[in-house]
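Listed next as structure tokens: two forms of one protein chain, kept apart as structure 1 and structure 2.
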Structure 1
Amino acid sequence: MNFETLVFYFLASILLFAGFRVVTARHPVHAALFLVLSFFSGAGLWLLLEAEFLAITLVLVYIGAVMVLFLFVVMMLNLNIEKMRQGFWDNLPLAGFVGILMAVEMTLVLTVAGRTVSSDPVRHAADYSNTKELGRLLYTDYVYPFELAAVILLVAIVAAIAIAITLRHRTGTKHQDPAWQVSVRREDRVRLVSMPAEKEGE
């Protein structure tokens, strides 16, 4: 067993353990943190495959952005843990079926004719840039699907902003108006009350 195989089994066992704990952890925040750990070990596995761009992007996008927002939501919501744990056994058969189905599908994809996975992939030279190669493919052969995905994301952004802006015009919502804030005068904030002294002759 060479060093690389050792690293692979190390990362893979952490990944499996973390994935298992995501499902079984009692507290949702712990579960989210184990998900972060599994992403991180997954990125390590991709690094072993010389896919450094994908690995680093996984860390940057999923750990650095998506999971932070996820943690935000999990921490802010007042989650009822007892209620969440109900129905575990009811849903287990369906979940197990979906899991087996996914495993079968992945096996089919990996073993389909003409796409045999070699156990010893060809190594690239040290100056081979995975990033450049990926960028070239994305902007030549796959430029239309790529641009389509970008437009879909843009629509999502516009929709989110539109919701935020239309909410402002409803009554009863709270939002800040910087123009009003800076033009405020003393009379708007301070009220001087003249009161007679409560005790006489100190």
Structure 2
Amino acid sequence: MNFETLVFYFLASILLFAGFRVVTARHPVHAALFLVLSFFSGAGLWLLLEAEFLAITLVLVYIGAVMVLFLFVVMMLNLNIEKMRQGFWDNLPLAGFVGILMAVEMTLVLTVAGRTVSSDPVRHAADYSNTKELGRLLYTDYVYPFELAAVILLVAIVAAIAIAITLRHRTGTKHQDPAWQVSVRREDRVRLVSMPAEKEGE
């Protein structure tokens, strides 16, 4: 067993532990921090596969931007953890079935891929750039799926912001109803009072 294999098993064990803690952590902030740890471990595995661009992208984009945003949102929303846990045991059978189904699918994918993909890695020249090759594939052969994924992510971000922030009702806070403000009439706001004029000296 060489050094690269030891590093792989070390990073893979950390990744599995962090992924398990993401699901089982009781506090959302702790789950987000374990997700950051799993991303770092995944970036190390990408480096072992000589995919430096993907590793740096995983660290800069997901850890440097997305996870920081998640942490700020989780801490600012002041989530009611007890309310979120309601109905956990009712949904556990369905969640277990979906998890087992995903495990079976991944097993089948790895089995089929192990039969069809050659185990000998392709050796490239010294001036080969995997970043350039990845960009060429994304913007030529897979440009439409790439743009579709970008649109789906944009819609998901807008929907998450709308649901988590703008549609969240808090007790004890004042808010305006634009529909009620537009439909109001002059008679509802202004009342003319007839008063007799006062005479001088009275």
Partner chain sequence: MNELVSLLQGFFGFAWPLVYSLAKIVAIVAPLMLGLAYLTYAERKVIGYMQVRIGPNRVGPKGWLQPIADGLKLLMKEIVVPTGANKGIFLLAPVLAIGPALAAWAVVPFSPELVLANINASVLYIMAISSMGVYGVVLAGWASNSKYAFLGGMRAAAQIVSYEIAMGFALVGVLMAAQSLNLVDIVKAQQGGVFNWYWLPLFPLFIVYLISGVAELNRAPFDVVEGESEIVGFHVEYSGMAFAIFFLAEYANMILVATLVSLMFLGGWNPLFDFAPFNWIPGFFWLLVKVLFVLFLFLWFRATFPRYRYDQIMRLGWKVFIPVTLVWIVVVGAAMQTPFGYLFH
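Counting starts at 1 and follows the sequence of structure 1. Everything numeric in this text was worked out from a predicted model, so none of it was measured. Note that the rigid core is defined as the largest set of C-alphas that superpose within 1.5 Å between two forms.
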| query | finding |
| --- | --- |
| Selected structure - the one that is the form predicted alone | 2 |
| L153 C-alpha moves between structure 1 and structure 2 by 2 Å or more, core aligned | yes |
| Per-residue C-alpha change between structure 1 and structure 2, S13, threshold 2 Å, rigid core fit | no |
| Rigid-core frame, C-alpha of G135, shift of 2 angstroms or more between structure 1 and structure 2 | yes |
| Inter-form CA displacement between structure 1 and structure 2 at F97 - rigid core frame, Å | 3.2 |
| Rigid core fit between structure 1 and structure 2: Cα deviation of Y144 in angstrom | 6.0 |
